[in-house]
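Below sits a lone chain in structure tokens, taken as the form predicted alone.
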């Protein structure tokens, strides 16, 4: 929707013009799945789909919301913030306000219009884009002196403690700090990061939504978190020096992995080798070796399917379709799994044929009509003043 139309809708709802327009992107993770909450490494990019928030202050200490996706309004008072059971979509704004107040930041009321371009439940991190957009709204309108890494930590805290998803820190990180044309290599423990140029001449990343929607609060995502905590406790008895699963080397795993239960062994094996794949992927990007990157993607998907057990029949089918298509170098599920999207590395001239094959084979076998998204490595969240006031 055009900015002019959004401003017009804002004026109709709030009887005034917005002072700011805030935009925060969704993300795609190129490789490094379920490693973030284990203190490991990830390699996401921001995508060219944004949550748009048109905002202005109010004097009522209320946050008023209107979401165009749901065509619903909601509001809450800053002196009485509680998780909402009916209109759960506004819990993200509630959570952000709560963590800011708990951290001692002085904030006041906002009137917000939300228009999100990020598909919900597709594994493209619509939730993190909403959290970062909300946080940036408070920061800009109330002149909060808050550094980027603190913003990322607070946004994650809101999703962990208020919304109830025990996510890692990657999604909020990518939504805020991504850079156009680059992947973001993040050490999720130290929070050190660096940009890695994406330049596979003639090849692009391309995403297919399986249309199997994920509900992470109710899904097995939190169960996988618990599996990893249990495995860490078991491995810590063997190697007391480790503080997270990322500390287990391949040599450690080969020597001691057999002492774990079968489930714990599978979970640890995925994390150990997935972290290694991320580090290899960074070098592959530097060398512009598209074929090698594609092979790492296939390895990652197989591990997520057989060891971490977060794939689905639909996601596996999409990966297999890619393997049989000329010009496709790699494919893997992206995001937490249990539905959502598959990302492909495909020759630019072969993208349309891949789409046709997916529409034919996947739709016939599943009865679902997939959606496709071109992946443009984009910049992170930003704010702009509304000049049309």
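Residue numbers count along the first chain shown, from 1. All values reported here derive from a predicted model rather than from experimental measurement.
One more form of this protein, predicted in complex with alpha-D-galactopyranose, exists but is not displayed; see below.
For the residues 336, 63, 343, 45, the 4.5 Å heavy atom test against alpha-D-galactopyranose in the predicted complex is passed only by 336. Note on the partner interface in the predicted complex: the residue among 296, 271, 169, 183 having a heavy atom within 4.5 angstroms of alpha-D-galactopyranose is 169. In the predicted complex, none of the heavy atoms of residue 362 sits within 4.5 Å of a heavy atom of alpha-D-galactopyranose.
Contact annotation: residue 32 falls within 4.5 Å of alpha-D-galactopyranose in the predicted complex, judged by heavy atom distances.
Contact check for residue 221: a non-hydrogen atom falls within 4.5 Å of alpha-D-galactopyranose in the predicted complex. Of the candidate stretches 137 to 145, 201 to 209, 242 to 250, 169 to 177, only 169 to 177 has residues whose heavy atoms lie within 4.5 Å of alpha-D-galactopyranose in the predicted complex. Scanning 36 to 50 for heavy atoms within 4.5 Å of alpha-D-galactopyranose in the predicted complex gives 36, 37 in sequence order.
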